[in-house]
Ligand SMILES: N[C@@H](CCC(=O)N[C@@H](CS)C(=O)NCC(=O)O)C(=O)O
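First comes one chain, alone, set out as structure tokens in the form predicted alone.
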């Protein structure tokens, strides 16, 4: 049984857990970080010197941190040719979208957390919120165009490419104010949101913040 270190609502933890859920892997998730603390625990730092989350630990002692590599590793190990494309070009395409999503969609996610969970209404910064929406809209414009002729980021089927973008898009779609219309993105998101593993490890984790 693998171990995943990280609280269930951690922005990067949900990516790893969504992959675990899709793959049907038995796991023990250990509450870590946030109100649970532990990031600076010496034993944890020995596993992950960055002190961040998530961290994967396998029974044979193999340890891996950073959510992207964890998703890639688990999908390659347990779902080669399905969640992990088995051609060089297919894998590169999936890697491209995984990196693109983490680089370009995470900023909005951070602003959402700051402005709507960590700050009271009178402390919110409308300038920062508007700037985050404007920047994210440009990225979702790109996704909108890309998804015009395909149901998922890499084509006709769900792959690991959809996991970072899909997990980060949860907060965009649940933004308390109106967001610009992206019908292709919405249709793609609805397909992801219908997946049982998404409902359990992304939607429910974010709805029941710890």
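Numbering follows the first chain given and starts at 1. As the structure is a computational prediction, the values presented were derived from the model and not from experiment.
The discussion below concerns the form predicted together with the ligand, not included here.
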Notebook entry, point to check: For the spot marked by 159, 166 and 199, is every residue within 4.5 Å of the ligand in the model of the complex through some heavy atom?
Noted result: no
Next item on the list: Report whether the minimum heavy atom distance between residue 146 and the ligand in the model of the complex is within 4.5 Å.
Entry: no
Note to self: Residue-level question: is residue 52 within 4.5 Å of the ligand in the model of the complex, judged on heavy atoms?
What the structure shows: yes
Check: Is there a heavy atom of residue 8 no more than 4.5 Å from a heavy atom of the ligand in the model of the complex?
Finding: no
Item checked: Contact flag, residue 39 vs the ligand in the model of the complex, heavy atom cut 4.5 Å -> yes
Notebook entry, point to check: Heavy atoms within 4.5 Å of the ligand in the model of the complex: which stretch among 23-31, 167-175, 53-61, 146-154?
Noted result: 53-61
